[in-house]
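Only one chain comes next, encoded as structure tokens, the form predicted alone.
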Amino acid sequence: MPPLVEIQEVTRRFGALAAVDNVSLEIAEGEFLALLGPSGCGKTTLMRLIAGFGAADSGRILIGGRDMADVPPYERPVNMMFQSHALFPHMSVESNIAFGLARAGMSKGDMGRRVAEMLRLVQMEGFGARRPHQLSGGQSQRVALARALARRPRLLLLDEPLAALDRKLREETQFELKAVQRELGTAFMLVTHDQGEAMAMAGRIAVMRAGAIAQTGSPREIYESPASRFVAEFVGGINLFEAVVVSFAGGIASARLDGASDFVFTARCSSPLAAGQKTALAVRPESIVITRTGGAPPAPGALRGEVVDTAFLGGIFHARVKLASGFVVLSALSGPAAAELGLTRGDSVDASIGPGGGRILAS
């Protein structure tokens, strides 16, 4: 099946700044894609180009196989849900949802049925007569979603739609949005700087940096196999050990850690590396294994250190360990494992990397 959206080598400049720099990306029919990146990386500019609120300096954007270059925003099979929700304060919930349908010339009977369908979809039956000031933040967000979906766009663009909600409501709404998207089969593109939100909601993530796509993949691929130091640091907690390449063959690299001449780590690397090249070993906190020393010398593949801080975060226990080199690593342990170790500040421990727990980065 051909992709719904094809972004082909698109560039958008503002003076000397390339806000979007030669970006190519596809969105499939019915896909939930997250465009993830820090502020100023170009993700909102790219979203606005898809919606038609700006023109690319070069490249093409196709939706359903049609080049959108000369298609105005109101004729594109796209709608947008804004962070502010932007509900009309003088209109009822029903009128807000029906606004775009009325402008499209839908009959009153069909419009009433569509509004009722949208209210059911977002679980807002019985709220149709209310005004926006009578709604909670979460309810306003649902009405905005219903209005954006009422005209049945093929692609819905979501511009950080949950940013104004408190943490508990935001987490609940993430699952509600996913359920709505699955029921309708509409393609969603979420624009966000929140990596947790992107990983919780999207089936695929495109990470942006300085106007370009740094990596695309499933949430698991992005988390477990970051393509670069930037992606590793931006998505989730990470320990980055500076290292030097010892050897590379068949996609497998060996690297020696700085400050630990006898510690050589071997892992898969997606890009070729040369012996002597500086690199980094990326290890997620949950892959750092902590054991008490018991007075014995460090086991092979382990680095000795001292616990300098701990934090209990519900089911996860964080321990910060200062190694002999001075580098501080973060280890994330399950509650039962942490209870068994009984770690406290000042304890002497050995830190090692669990099987398959590290990745050698090319950049």
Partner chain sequence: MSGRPLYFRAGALIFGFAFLYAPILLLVIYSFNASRLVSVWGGFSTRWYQALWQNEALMDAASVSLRAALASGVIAAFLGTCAGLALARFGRFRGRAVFSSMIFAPIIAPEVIMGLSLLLAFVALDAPRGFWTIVCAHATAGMCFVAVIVRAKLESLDGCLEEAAMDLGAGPAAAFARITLPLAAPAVIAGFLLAFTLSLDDFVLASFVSGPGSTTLPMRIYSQVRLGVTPEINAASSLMIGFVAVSLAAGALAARLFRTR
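Residue numbers count along the first chain shown, from 1. None of the values given here were measured: they were computed from a predicted structure.
Form predicted in complex with its partner chain: not shown, discussed below.
**Q** Report the residue, out of A86, A210, V264, I252, that has at least one non-hydrogen atom within 4.5 angstroms of its partner chain in the predicted bound form.
**A** Contact residue from the list: A86.
**Q** Counting only non-hydrogen atoms and a 4.5 angstroms cut-off, does H318 reach its partner chain in the predicted bound form?
**A** No, no contact at 4.5 Å.
**Q** Do V71 and its partner chain come within 4.5 Å of each other in the predicted bound form, heavy atoms counted?
**A** No, no contact at 4.5 Å.
**Q** Report yes if any heavy atom of R284 sits within 4.5 Å of a heavy atom of its partner chain in the predicted bound form; otherwise report no.
**A** No, R284 stays farther than 4.5 Å from its partner chain in the predicted bound form.
**Q** Flag R103 as yes or no: does it have a non-hydrogen atom within 4.5 angstroms of any non-hydrogen atom of its partner chain in the predicted bound form?
**A** Yes, R103 is a contact residue.
**Q** In terms of non-hydrogen atoms within 4.5 angstroms, which of the given stretches 46 to 54, 328 to 336, 307 to 315, 24 to 32 touches its partner chain in the predicted bound form?
**A** Stretch with heavy atoms near the partner: 46 to 54.
**Q** Are there residues in 106 to 142 with a heavy atom within 4.5 Å of its partner chain in the predicted bound form, and which are they, in order?
**A** Going through 106 to 142 in order - heavy atoms within 4.5 Å of its partner chain in the predicted bound form - the hits are P132, H133.
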